[in-house]
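Just one chain is shown here, as structure tokens, and it is the form predicted on its own.
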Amino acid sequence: MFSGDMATAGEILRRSLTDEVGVSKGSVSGSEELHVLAVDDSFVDRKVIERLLKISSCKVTVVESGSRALQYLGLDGEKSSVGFNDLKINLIMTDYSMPGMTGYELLKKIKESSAFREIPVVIMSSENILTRIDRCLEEGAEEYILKPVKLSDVKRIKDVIMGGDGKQKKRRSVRKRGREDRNLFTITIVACTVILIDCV
């Protein structure tokens, strides 16, 4: 499935973080290309999200850690080779569970920045933990989506960013999805318990 992607892996990973990426930050009009900074420590997940975003006609910059994302944004305390005025990022999508710096910690750093706090941040995770979801949303995440990320997820997020829809509807949908999954899990556990009791 990923053979074509793997063939170009070396070229993609060699791309410089200092490539010229635009002239402004913030919202994007319908005629502009959405530029997404994707952060994930998993090579396969990075390739998947990059492919989905490109299929959705987005410009993509991929990095492998929260610290690399901060470096790219110039928020790591070091002098960035890409100035704020030359950096155009419309959306940041980050994995939650990463070594060194979690997606939640990266989210907090971004929201504490006067230069980048208005950029929407989407958290991606394979773990559906309601307290984690609520914490990320309360910290300012635009949305929390469950892996594996699907093309429909990317297109929906792009439509929201381009259209400027409010957060409350999205947050309710995320929480509703989480509760439905939790209820299904509970029902499954109960059913298995009943079966085991009957077997004894």
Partner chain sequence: MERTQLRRQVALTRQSLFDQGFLDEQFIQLEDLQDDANPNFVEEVVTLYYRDSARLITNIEKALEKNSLDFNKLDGFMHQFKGSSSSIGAKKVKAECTLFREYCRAGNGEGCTRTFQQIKKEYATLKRKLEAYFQVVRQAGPAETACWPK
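Positions refer to the first chain, counted from 1. Small disclaimer: the values here were computed from a predicted structure and weren't measured.
If you look for the form predicted in complex with its partner chain, you will not find it shown, but the lines that follow are about it.
Among Val149, Leu70, Cys136, Leu37, the residue placing a heavy atom within 4.5 Å of its partner chain in the predicted complex is Val149. This chain is displayed alone, yet in the predicted complex one of Val63, Leu52, Ile145, Ile157 has a heavy atom within 4.5 Å of its partner chain; that residue is Leu52. Its partner chain in the predicted complex is approached by Val48, whose closest heavy atom lies within 4.5 angstroms of it. Interface membership of Glu127, defined by any non-hydrogen atom within 4.5 Å of its partner chain in the predicted complex, is confirmed. Not displayed here, its partner chain is approached by Ser97 to within 4.5 Å at the level of heavy atoms in the predicted complex.
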